[in-house]
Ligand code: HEC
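What follows is a single chain, given as structure tokens, in the form predicted on its own.
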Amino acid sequence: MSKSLKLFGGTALGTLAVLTMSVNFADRNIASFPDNPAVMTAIAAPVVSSGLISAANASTSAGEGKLGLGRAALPEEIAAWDVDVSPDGTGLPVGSGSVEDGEMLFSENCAVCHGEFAEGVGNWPELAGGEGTLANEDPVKTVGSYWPYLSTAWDYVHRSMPYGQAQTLSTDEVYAIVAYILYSNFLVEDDFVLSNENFLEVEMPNADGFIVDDRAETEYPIWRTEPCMENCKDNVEITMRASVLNVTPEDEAAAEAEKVIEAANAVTETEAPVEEVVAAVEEPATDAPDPELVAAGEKVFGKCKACHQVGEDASNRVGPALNGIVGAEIGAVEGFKYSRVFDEMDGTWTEEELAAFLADPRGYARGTKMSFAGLKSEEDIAAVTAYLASFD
């Protein structure tokens, strides 16, 4: 027998042996698959309380045609959520709180965000001030300047404040805090007590500042017309150039030339000698405040910015605007409601009087609403006075 035949015969016998062993192993260890396998056993139903079953049955009968989920809220559950107060006083609970108590409560619970005088801290909202700013490009909307209903303030404090501890204040505490907010907006006096009985007697300055929104009927049809895409105007032309307006001098030489032109115009109008006018243009006034002292005063004035404004567009806030205060009559800033003590004072804000006031505001004017402790440094007082004197 040839070697190739022997090799083939050996391989065939080996393969047959392996197949025989596989059949025997499967027969002993692998169960046969039945003709009709049993159905999988159902998972046991969870245990459900009788209360949930009753609620589910009630919801099914009450919610036919819908999802059949949940149940009708119980009267006591509705009452627990129904805490809002309407502008007509509906929902207002019995209670009262004074401005005096409100000042302490506001300092403890609210001042960290809204400031001691409700003037706002950082990006937290201002609650006081902003009178007469609603027509400005950047209006200051506060409880006193913007909100039409006192109930909005009471309701918001009651339900949402203090931040992170909502509804921890008692009813009387809410009344007291709202009373202090009114006082900070000069809407009530310092001896005022707010209660459910006099709540609707408080007049909000912007009560008539809101109208019914009828834009859907009056304006939407105008906006939704087909826009003009071509030939919208008969002709287009340039009517003015910035160079004609002299918006900005091109350089220092141009600025000096502008001064000379103004001086020449002044000569024409006043008929003063040319030499006097030119001297007034070229030589600064000798009594002008020291620029370095003014700059130092601007930094110190940062302690006052929360309540007072100076400069262009300055307006009364928690405190009066201070433009032209040096040399002005005491307690005479137009449109600002002062503490009673200033209404009874006479005199002028000379530099000496300002220095005395800035050093000890409450000692100088006993009863002032201004709670700032004062400037202890004579250098700071002189700097702030110089800074204020730079604003006419």
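If you're wondering where the values come from, they're calculated on a predicted model, not measured in any experiment. The numbering used is simple: start at 1 and walk along the sequence shown. The term rigid core refers to the most C-alpha atoms you can superpose between the two forms while keeping them within 1.5 Å.
This next part talks about the form predicted in complex with the named molecule, which is not shown.
Student: Which single stretch, out of 318 to 326, 189 to 197, 204 to 212, 90 to 98, brings residue heavy atoms within 4.5 Å of the named molecule in the predicted bound form?
Tutor: Of the stretches listed, the one contacting the partner is 318 to 326.
Student: Could you work out which of V294, V310, V85, M161 is the residue within 4.5 angstroms of the named molecule in the predicted bound form, going by heavy atoms?
Tutor: The residue from V294, V310, V85, M161 that makes the contact is M161.
Student: Answer for V157 alone: is it within 4.5 Å of the named molecule in the predicted bound form, judged on heavy atom distances?
Tutor: So V157 counts as contacting the named molecule.
Student: Test of understanding: in the predicted bound form, would S145 fall inside 4.5 Å of the named molecule by heavy atoms?
Tutor: Result no; S145 lies far from the named molecule in the predicted bound form.
Student: Taking the named molecule as it sits in the predicted bound form, is A179 in contact with it (heavy atom to heavy atom, 4.5 Å or less)?
Tutor: Contact check for A179: no, nothing within 4.5 Å of the named molecule in the predicted bound form.
Student: When the contact criterion is heavy atoms within 4.5 Å, does A314 count as touching the named molecule in the predicted bound form?
Tutor: Residue-level check for A314: no, no contact with the named molecule.
Student: Using a 4.5 Å cut-off on heavy atoms, which residues of 350 to 370 contact the named molecule in the predicted bound form?
Tutor: Contacts from 350 to 370: L354, F357, L358, T368, K369, M370.
Student: Does superposing the core leave K299 with a CA shift of 2 Å or more between this form and the one not shown?
Tutor: Indeed, K299 is displaced by 2 Å or more.
Student: Relative to the superposed rigid core, does the CA atom of G115 travel 2 Å or more between this form and the one not shown?
Tutor: It does not, since the G115 C-alpha is displaced less than 2 Å between this form and the one not shown after the core fit.
Student: H158: with the rigid core matched between this form and the one not shown, does its Cα shift 2 Å or more?
Tutor: H158 C-alpha, core-superposed: shift of less than 2 Å.
Student: Given that the shift is 3 Å or more, do the Cα atoms of M161 and K303 end up closer or farther apart in the predicted bound form than in this form?
Tutor: It is closer: the C-alpha separation of M161 and K303 falls by at least 3 Å in the predicted bound form.
Student: Thinking of the 3 angstroms or more shift, are the C-alphas of N109 and K303 brought closer or pushed farther apart in the predicted bound form than in this view?
Tutor: Compared with the shown chain, N109-K303 is closer in the predicted bound form.
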